[in-house]
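What follows is one chain in structure tokens, specifically the form predicted alone.
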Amino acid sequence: MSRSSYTEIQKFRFNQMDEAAIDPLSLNRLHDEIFQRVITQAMGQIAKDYGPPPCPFSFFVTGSAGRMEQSIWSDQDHGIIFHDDGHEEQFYFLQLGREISTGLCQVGYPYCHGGVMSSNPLWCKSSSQWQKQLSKWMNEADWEATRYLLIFLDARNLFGEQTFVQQLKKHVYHTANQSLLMPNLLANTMYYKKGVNVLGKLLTETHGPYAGSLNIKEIGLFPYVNAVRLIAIKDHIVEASTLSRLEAMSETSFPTIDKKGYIQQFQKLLNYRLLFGDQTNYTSSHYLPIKQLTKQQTKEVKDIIKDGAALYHAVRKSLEKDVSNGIK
């Protein structure tokens, strides 16, 4: 093996993308396969210098990759959990994390600006170190710690030991002081960018290169993602994707929420982004040119956004009521 194999994986990505981009599920399965090929190549590269992995480990993805909500373009959001706690293991898996990050960048996935990558010691730890880190994040009230905790809860195992991620999520759910944690989570997700004005018109960008386009990530996806994640935390759901979380949501937790309706609306939203979004690059893929839509399609997008906002506010209202009454 050689690093030139990353070029071969890049070619594979390019050749398969058009066929896979027919629907969000096929596209995200392709992203998974590309990541897995990079991981396998990176492991072979590291084995030359440091030997095989010294203990079982899990490579996980988070963010849109963890939720299986990537578009054609995606950056890196990932980490490593390894079983044995020691300096040699830490050194080995950091080397592996750096090699994976380098390979993914070469294949076409830009580095995460926030450093959420397995090349970063913060995101490459033993299972026991992860437990301590998660406990620390739960007990700290600052915005950054809460954001990191939310990022981890979107994690999904992609390679290696299947149970490590789920065990750590259960650790969060079983040890968290809900009366302290939930207010922090609510405060962290308080920001909400409106998508429809009082006159019923879509609020598109007014300046810059995306003028006339809708920021579908912030306006469309985030209300669904944030609301359903909060439901998942309350119900101790370990699934990572918004759709699977909705499926797993208990009827008694939010009986007034139309699960099937929200699942359909969220699926439509992902399809609109994929079919009509500007897929020129990673940034542009977050924008939907409204002028390309018919009147009926524009109305449907508007309804999807309204439903997302309604879900977001219903969940917040319910959880804020729980907080004021004292969560048990």
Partner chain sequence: MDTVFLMNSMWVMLGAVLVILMIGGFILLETGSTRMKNAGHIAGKTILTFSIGSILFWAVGFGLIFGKGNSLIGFSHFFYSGYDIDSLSLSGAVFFLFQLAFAGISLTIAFGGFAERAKLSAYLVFAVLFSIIVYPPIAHWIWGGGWLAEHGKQDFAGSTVVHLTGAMAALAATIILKPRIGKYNKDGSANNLAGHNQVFTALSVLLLWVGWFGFNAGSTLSVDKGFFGFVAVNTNLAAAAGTVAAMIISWIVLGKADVPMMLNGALAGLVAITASCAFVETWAAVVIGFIAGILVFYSIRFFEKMKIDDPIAALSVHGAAGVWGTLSTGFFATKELATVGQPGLFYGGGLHQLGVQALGVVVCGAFAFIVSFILLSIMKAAMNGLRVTEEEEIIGLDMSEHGSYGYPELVKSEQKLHA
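Numbering follows the first chain given and starts at 1. This is a predicted model, so every value here is computed, not measured.
Beyond the structure shown, there is the form predicted together with the partner chain, which is absent from this document and is the topic of what follows.
**Q** Taking the partner chain in the model of the complex as the reference, which of P110, P121, P209, G115 has a non-hydrogen atom within 4.5 Å?
**A** By the 4.5 Å criterion, the partner-contacting residue is P209.
**Q** Could you tell me which one of N197, T163, S128, S250 places a heavy atom within 4.5 Å of the partner chain in the model of the complex?
**A** Residue within 4.5 Å of the partner: N197.
**Q** Classify Y191 as contacting or not contacting the partner chain in the model of the complex by the rule of any non-hydrogen atom within 4.5 angstroms, answering yes or no.
**A** Output for Y191 is yes: heavy atoms within 4.5 Å of the partner chain.
**Q** Heavy atom to heavy atom, is L203 within 4.5 Å of the partner chain in the model of the complex?
**A** Yes.
**Q** Pick from 80-88, 209-217, 149-157, 172-180: which stretch has a heavy atom within 4.5 Å of the partner chain in the model of the complex?
**A** One stretch meets the cut-off, namely 209-217.
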